[in-house]
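Taken one at a time, structure 1 and structure 2 that follow are two forms of one protein chain, written as structure tokens.
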Structure 1
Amino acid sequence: MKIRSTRRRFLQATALAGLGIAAGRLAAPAIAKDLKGSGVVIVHDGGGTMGVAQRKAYSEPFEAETGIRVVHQAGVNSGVQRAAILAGAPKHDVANISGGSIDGFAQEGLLLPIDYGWWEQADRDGYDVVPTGRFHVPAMLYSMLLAYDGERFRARPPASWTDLWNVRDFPGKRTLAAGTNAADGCTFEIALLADGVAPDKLYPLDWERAFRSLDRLRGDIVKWWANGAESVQLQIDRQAALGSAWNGRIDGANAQGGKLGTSWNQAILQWAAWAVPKGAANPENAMKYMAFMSRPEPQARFSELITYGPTNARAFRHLSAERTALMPTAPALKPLQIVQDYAFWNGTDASGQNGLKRAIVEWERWVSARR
């Protein structure tokens, strides 16, 4: 599934912004499904800026409206989530799973079908960039960027993944996602782009070439980061001078006083999804929580707190033109980026494995061979 151009919704957003509609003055929907209930719902917490945005935009107003208590549980990677579901003890009632992994979870029968009876039809129709699915709801749009020490490289900032490999002109330790993050971390795409592979020739990934590229940088990696919070913290702490990080994490760090620079050149555009794992302890409350998150008003609040694009196009009616321009799908930014190919990551190759499993196998082999 690929992300489509959204020029129409952007124009709608800017026109409405001119009328003074802003996220700070959001009104409750005139008509909304009754989501009241009791008990709890355990939801994925993205940590850092994302976790704060989730609580303020979704969880706190959901609790106030429904009476259902929201318990935030730290997020886990896809491998841990899959193992927990298979063991009959999923980590969350509402899981956050990358677009690159979600089809695999569905194919393995690890997810419950979404109950859209709790939704307003207009909201479901608003998912015009990445449509809703039987087993998942698109959660956010975001991009993996080159981030760097904005003060250290003020005179000559790095501008591409190739510069990340250029330790002579841009000295300092590096950080990239661990390869076990597979599609989520974009490390394999980054390694190939840095090695000169053209964006339109990126898929299917050349594993051998990617690891040869990583071999050249291995000695300059201070740490392979495990999650989004760590990716920026390593740079804020100046353990790493350059690395990969998601745009919302970078903006959140800079809002707290960080001075990270970024390059959108060859950034990798991704999306993640909400899903309810098979065996979830509170499935009905999970469905209600996801229905609440589908509404344009809380989605706009979320995008005001972190620069991850909303998935319901109706949310743009509540965002200013200035804020809309910061989203990864903004017209000025989208042409600079590469849309991650989830068909490749979920497809089976000659080895009999899909890209997600192949990445982990190849990564573990590479790490073990060089200990």
Structure 2
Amino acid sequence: MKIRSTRRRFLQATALAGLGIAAGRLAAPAIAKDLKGSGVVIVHDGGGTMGVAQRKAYSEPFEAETGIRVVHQAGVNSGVQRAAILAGAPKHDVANISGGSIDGFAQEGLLLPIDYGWWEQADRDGYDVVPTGRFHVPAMLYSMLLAYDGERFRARPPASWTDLWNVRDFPGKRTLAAGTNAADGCTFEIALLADGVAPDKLYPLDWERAFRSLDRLRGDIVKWWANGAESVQLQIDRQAALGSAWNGRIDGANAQGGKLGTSWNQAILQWAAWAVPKGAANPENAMKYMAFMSRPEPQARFSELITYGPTNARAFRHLSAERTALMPTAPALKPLQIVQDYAFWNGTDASGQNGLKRAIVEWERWVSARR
């Protein structure tokens, strides 16, 4: 079975790491902090393959090491999460919040400061692409890619967002994230990049130009996708020939026999964070769980099970070269991508609205104008 073989590989990897430590090749201290405790911790569950990966890589070994029982509880959208914290009854001790929303939570005082006392300093330093914050720890890195029908465009595959807009050379219906996904869907960034905006000039987003660009593609959109499952299913079913999709979803579909091609060129690199909501029932256990998740071995294990990149760069030492190549933060891929600017999305503009609100208001106006 697949899982067993990955576990074996993981054990081999850890054994090798252990040897490395014994040989003094690694600088990290050999003894991890003692996280033993009691009681429970209620953690966000991403569902599906992600939930399984989280359980195998983090929760089960954490339970074995600490004696703290981990309860997985279904994740909820950020609005529901916010309501729960405001009401004083957060859904999780360890919440998962998208990078596009995390600053808002912190600014409103809805999160507890992270206790880095449970961490190895080396692990904290390992968060190189996105550093740890006072109220959050980057949980995983993923990327919004150009995906296309690999068979149909075998001779000349599309290689940029501009190609996605080029209906003549790359015929077929398109699918992009609905604008209501705001930052998470990347549709506005993609529309501007397709229109020729240079990556370093992307932010602050020029809304007018983005919608003018979307105007041109509107007739060729079969569907604005609402969630990650839909983005890939539309292509698997050949309802759409090209579109945007998250790298993990594409890999998942291809592992099951899909034949989607991808381009990492100008892909949008995104991240989600772990945080402890104010009012959490088990804050100390939550801090311990987050410290455990910062360790390189469990992170590597997680990335073995699902292609979401480790946030602690030290985890790459435990990942095979072939697996590393699939990660958004693989050395060969990282330079091709654009890191999404969450500071822009959370900041307010001249109209007093933050990026999320502005995107949704403008999107509603645009999409309802031509029913």
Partner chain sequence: MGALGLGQALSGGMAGRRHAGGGVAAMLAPALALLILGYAAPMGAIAWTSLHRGGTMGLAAYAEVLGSPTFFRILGGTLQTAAVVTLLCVVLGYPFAYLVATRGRRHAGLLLALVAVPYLTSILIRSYAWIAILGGNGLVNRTLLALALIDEPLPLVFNAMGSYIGMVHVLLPMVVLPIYAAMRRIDPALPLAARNLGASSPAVFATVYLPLSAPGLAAGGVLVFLSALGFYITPALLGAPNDYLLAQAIEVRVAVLAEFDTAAAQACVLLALVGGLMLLFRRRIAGLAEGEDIVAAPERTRAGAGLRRRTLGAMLQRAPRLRALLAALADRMGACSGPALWTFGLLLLAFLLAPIVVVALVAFSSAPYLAFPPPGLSLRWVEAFLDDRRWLEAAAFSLAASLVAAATAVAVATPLAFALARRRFRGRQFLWLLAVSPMIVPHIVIGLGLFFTFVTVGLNGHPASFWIAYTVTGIPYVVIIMLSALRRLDVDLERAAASLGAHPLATLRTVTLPLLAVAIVSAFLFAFLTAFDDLVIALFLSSPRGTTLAMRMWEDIRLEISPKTAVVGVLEIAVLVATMLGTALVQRLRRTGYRAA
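Structure 1 provides the reference sequence; residues are numbered from 1 along it. Remember, it's a predicted structure, so these values are computed and weren't measured experimentally.
Novice: Specify the structure that is the form predicted in complex with the partner chain; exactly one of the two qualifies.
Specialist: Here the form predicted in complex with the partner chain corresponds to structure 2.
Novice: Given that two rigid parts of the chain turn against each other between the two structures, choose the hinge position from Leu326, Pro157, Gln121, Asp349.
Specialist: From Leu326, Pro157, Gln121, Asp349, the hinge pick is Leu326.
Novice: Considering the two rigid parts of the chain, by what angle in degrees does the smaller one turn between the two structures?
Specialist: Turning angle of the smaller rigid part: 21 degrees.
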